[in-house]
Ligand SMILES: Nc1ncnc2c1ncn2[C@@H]1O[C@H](COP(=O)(O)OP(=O)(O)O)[C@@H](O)[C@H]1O
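Below, in structure tokens: the form predicted on its own, a single chain.
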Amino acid sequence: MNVSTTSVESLSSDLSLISAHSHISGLGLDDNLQPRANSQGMVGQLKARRAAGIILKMIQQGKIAGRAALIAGPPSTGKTAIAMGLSQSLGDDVPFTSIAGSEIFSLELSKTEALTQAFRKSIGIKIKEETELIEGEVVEIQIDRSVTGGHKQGKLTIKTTDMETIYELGNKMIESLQREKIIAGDIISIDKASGKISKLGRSFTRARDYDAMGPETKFVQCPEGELQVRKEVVHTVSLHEIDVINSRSQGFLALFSGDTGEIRAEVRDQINTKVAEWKEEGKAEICPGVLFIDEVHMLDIECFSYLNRALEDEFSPIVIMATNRGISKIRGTSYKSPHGLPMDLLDRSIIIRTECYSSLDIQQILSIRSKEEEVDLTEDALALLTKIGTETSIRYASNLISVSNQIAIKRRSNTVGIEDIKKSYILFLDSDRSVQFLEDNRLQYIDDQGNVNLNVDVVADKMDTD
């Protein structure tokens, strides 16, 4: 008997994790903040993306901190996609925190503490410090190994365009050089305080070795002037990280253990005072970021009251909220309000409206999603998916892409055809057909009073008479 096995590694290598918005790389705007019809994974919603582009510029210029923006529109109109595009456009220097409205209702933290931590995660602090560096081109490395294989000694010859010096090397520095794979001709930087060695690139004088080094090699000019230079180094951390480091006995290790917990207000007040001093002395720069709260209508009246107060704080990011609610009750009250938000918070917010996608927009989005999931659709299959997305929802149509691909693979085809879309449509119900099925077979389900008729024949007769 022959037994074939498949390794776990080969299976895991074929898997790729694709999220609902993994295809988005920006807002799809040109240099004049005008939205392109189809760019960076964004399709349609031209007015909303134009408005988000203006907010993006104001964030980058530091002119909108402490304000709120609300993205409101029907379900499946790209509200979260616009927020994700905004986060991609901001870059790594601007903190971006994304939470769902229901996340703050946890058993570990109070609601206000959870919101406070989210706020302070969205505030970046750029701390500046001067450090002494040794920068130059490596001329020669000599390492003397003892016969017993114990302590190692060596010499490092390093130069700039103006001078050349020999440094004695200890065991630790030799290990660092070997770990970074430093060789003659490399341009390196050595931090005198920590002894950290960084490879900046390869000297242009070694450019003739380009073919041997490979296309990824970075060539840089040999430094000029003194070997020892003073440089300003900028470290960017969030206010929340500073809170955790100063409130836990294990310091920054608490960030890795996840032991954040409640942080006392006194600690935060002291940190705010110190950061304000650093700002006055020019040692630090405050970088307001973005806090995105999806499904903001899930917050209750206590959270909304906190948001009103937190937006007035000196250390406050821009808060971008998203909701698909119309006139609905404010959670925790019996009052109805637009979008399920209190009027005083709405009054503080600038509102961006999203609209339902056209059939052409849906077709382009489904085409992008199929490429992201590496699924090849025929023109007829894409047209049918577009029709399904127009009549049901774009999310349902997107879900059918991967399902239909599995059906196509089952019949040993690399292309998803119209028959695969039809089979997946029959197998998996959309919300409207599911509701209709419940209505048609309501007697077979448990009702609000806990009643159910388990006699199939009686139920069938009842349905026939209806």
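A residue's number is simply how far along the shown sequence it sits, counting from 1. These figures come from a predicted structure and were not determined experimentally.
Below: the form predicted in complex with the ligand, not depicted.
- This chain is displayed without the ligand, yet in the predicted complex the stretch 41-49 from 418-426, 41-49, 404-412, 431-439 comes within 4.5 Å of it by heavy atoms.
- Contact check for Pro75: a heavy atom falls within 4.5 Å of the ligand in the predicted complex.
- Among residues of the shown chain, Arg120 is not one whose heavy atoms approach the ligand to within 4.5 Å in the predicted complex.
- At a distance threshold of 4.5 angstroms between non-hydrogen atoms, Asn272 is out of contact with the ligand in the predicted complex.
- Taking the partner from the other structure, the ligand in the predicted complex has no heavy atom within 4.5 Å of any heavy atom of Lys371.
- Think of it this way: in the predicted complex, the ligand has a heavy atom of just one of Val94, Ala81, Leu377, Leu115 within 4.5 Å, and the residue is Ala81.
- Interface residue among Lys172, Arg395, Arg145, Lys192 relative to the ligand in the predicted complex, by the heavy atom within 4.5 Å criterion: Arg395.
- Proximity to the ligand in the predicted complex holds for none of Phe105, Cys303 and Ala310, with the criterion being a heavy atom within 4.5 Å.
- In the predicted complex, just one residue of 347-363 lies within 4.5 Å of the ligand by at least one heavy atom: Tyr357.
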